[in-house]
Every structure is written in structure tokens, then in C-alpha cells.
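This document starts with one chain, in the form predicted alone, laid out as C-alpha cells.
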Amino acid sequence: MTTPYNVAVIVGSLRKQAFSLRIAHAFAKLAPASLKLNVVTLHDISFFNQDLEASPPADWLAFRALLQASDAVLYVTPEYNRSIPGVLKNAIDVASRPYGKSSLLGKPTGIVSNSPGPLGGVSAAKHLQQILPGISGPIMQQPEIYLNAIGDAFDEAGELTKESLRPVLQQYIDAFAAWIAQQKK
């Protein structure tokens, strides 16, 4: 068997019981053997300030190194005020610098949005699709995934209990694995 592709799964929420974090862990359990998912939270990334770029903070360097060592990136994010959370935008700003040396460049990218509401975070996903071109790799277009009504999908321990969601997640992570392999040829 070949070495699995390392995928940085960036969680766009800081909340301890975040649906995005639970979804990321569910993907890690459902991922085919061709993928190794590394769930990345953004708790320790300081605010981007271009004045610091001459001597970047250690947390920026660590985050950039983690992304550079990854073969692909999967964003799992909620929607805040019809956009992405500020912490996710900050992380993208940190990762995409210095100018012309984005740690995301060339990495096959997936986007999964979610919401306990009826729209599934579609605006957040669309904003990521606007932000990422030029600083990331190719973005998987199909299947799209906007997970709505996610509020009752997990138990207190964070385990997926909404059985109707399992095949949706499985289809997406399998398609993402095949798409990464195609991009890496």
C-alpha cells in the first residue's frame, strides 16, 4: 500500500463542543486508508499583523510548517453572520503569507460548511470559494456539502448519532480522497 495523503482538517470554530470540530472528527473516523486526517484547531494562532512578518511569531511558523507538510487541506466551518468566522480568516491570512509563499499553495482543497439552521452555512462556503483562489490549490467543486440541521447529529461525547448524516459524510470524504489522488498524479 502507498503512504496515505496527509490532510490538514482546519476547524473554523473555537467552541469546545463545536459542530465543526465534531464533523472533523467524524471525517477522521470515516476516512479511507488513503487519507490520514490531522484535525487542526485555531486556538493558538495569534492575530495577523504584517509588521511582524520580518520576525514571525512561533505560532505562525508552526501553523505554516504543518500546512506545508500536508498534501491537502479540508476546511470544516460554521457560518458567522453570512461569512466565515474571524478566527478562520485570520488563520488563512497567516498561512498565505509572506506574499507569494502561501503555505496553502498547490494543496488540493475541500470545503465543508455547517449550521444548525436550514441553510447549512452555504454563505461561509461561498466566501471561502472567493477567498482561496490565488493562495491555495484547486478547490474540489463536486460534491458540494452544506450540512444543515446539524444540532442533533452528535451525542454528548461527540459521536455521530444521526445515521442519515453518515452516508453524506462518507460520500464526501471518499470523493475527496479520489480527488486528491487525481490532483497528485
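Because the structure is a prediction, the values reported are computed rather than measured. Note that residue numbering begins at 1 and tracks the sequence as displayed.
Below, we turn to the form predicted in complex with a small molecule, even though it does not appear here.
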* Do Asp71 and the small molecule come within 4.5 Å of each other in the predicted bound form, heavy atoms counted? -> no
* Does the 4.5 Å heavy atom contact test between Lys101 and the small molecule in the predicted bound form come out positive? -> no
* **the small molecule contact at Gly110 in the predicted bound form, heavy atom, 4.5 Å** => no
* in the predicted bound form, Tyr172 touching the small molecule (heavy atom, 4.5 Å) -> no
* Asked: Tell me which of 37-45, 114-122, 152-160, 137-145 has residues with heavy atoms within 4.5 angstroms of the small molecule in the predicted bound form?
  -> 114-122
